[in-house]
Ligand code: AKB
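This document opens with one chain alone, in structure tokens, the form predicted on its own.
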Amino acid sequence: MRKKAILITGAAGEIGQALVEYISTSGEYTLLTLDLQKMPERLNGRSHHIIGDILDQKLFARLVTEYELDTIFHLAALLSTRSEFSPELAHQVNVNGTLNLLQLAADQSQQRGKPVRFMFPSSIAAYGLPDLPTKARDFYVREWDWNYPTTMYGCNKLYCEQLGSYYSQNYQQLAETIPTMIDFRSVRFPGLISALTVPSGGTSDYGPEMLHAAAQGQPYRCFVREDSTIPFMAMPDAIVSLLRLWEAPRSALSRLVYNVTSFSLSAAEFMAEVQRHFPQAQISFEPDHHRQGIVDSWPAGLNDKLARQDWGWQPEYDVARAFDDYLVPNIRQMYH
């Protein structure tokens, strides 16, 4: 008999590590994790970890002979900055890898006779505003506004949201029998800030990079202008939002993709928070033309009214609590 399990791809990444820690603590679920990298030592024994590639369909074929997948948290992705240097590879990983897993979830749903829940973290990169006056005017962007991404990563995320919608609502719509659809759910995250893992190449990482450099006593050159403004969220809130959406009854959901957010800061305001805790922090601004253009195309804030209304989303960390209670104490401990 196959064992019921939750699959987490990209489990060694920032979101993945936090998610494994949260879910494994309850002891209710068998966790199956997949990544190209090993899990950190502090998470050893929390899951059955497999070092592998989401493009390896033979690997998934073997897994489903042993496990019945109840939920898939698909976190594996090539992030925004690296995707611009390798757009073809980004498409392979971000789109084809997601398609492989959606097909796997569809097959599992049919075998089980009930939907596999498919959790997909999306991003503010799915938006693309045309200029700064529009960004200032349309400060809080809704899910269906300005879906014109300017990066390969953003295009990948937006398209994968559409693929998820297809597999949830229209898969095999011409088949003679009605297939069991997957239960696809997605959150569009703002820039995420983790106190437990180092930044890993996202275009929004200038904020957390400031913090980590300051904690180590190293100077930091910020690659965007002082007035650059985007929304942010502390990692614990990101995990809570994923779990809250995962647990919500399907009947409560009015859509498949939801914005979530916590607070918006300009780069200058982020620097001020860093220097409040690390007065000796040496931070300068040397904008990179290409990455600056990407950040300028992202919204300054997100409208998350529907997430609050449908499944009770409410961030626990505002700016002060994020820095005072979560980020600074944990980052200090990491380096000292």
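One-based numbering along the sequence shown. Please read all numbers here as calculations on a predicted model, not as lab measurements.
Beyond what is shown, the protein has a form predicted in complex with the ligand; the following relates to that form.
Only one of Gly97, Gly207, Pro115, Gly202 lies close to the ligand in the model of the complex, with a heavy atom inside 4.5 Å, and it is Gly202. This chain is drawn without the ligand; in the model of the complex, the residue among Tyr127, Phe120, Tyr153, Tyr167 with a heavy atom within 4.5 Å of it is Tyr153. Of the heavy atoms in Ser80, some are within 4.5 Å of the ligand in the model of the complex. None of the heavy atoms of Phe270 is located within 4.5 Å of the ligand in the model of the complex. Proximity to the ligand in the model of the complex, taken as heavy atoms within 4.5 Å, picks out 72 to 80 from the listed stretches 257 to 265, 236 to 244, 72 to 80, 135 to 143. In this stretch, 279 to 316, the one residue having a heavy atom within 4.5 Å of the ligand in the model of the complex is Trp298; the partner itself is omitted from this view.
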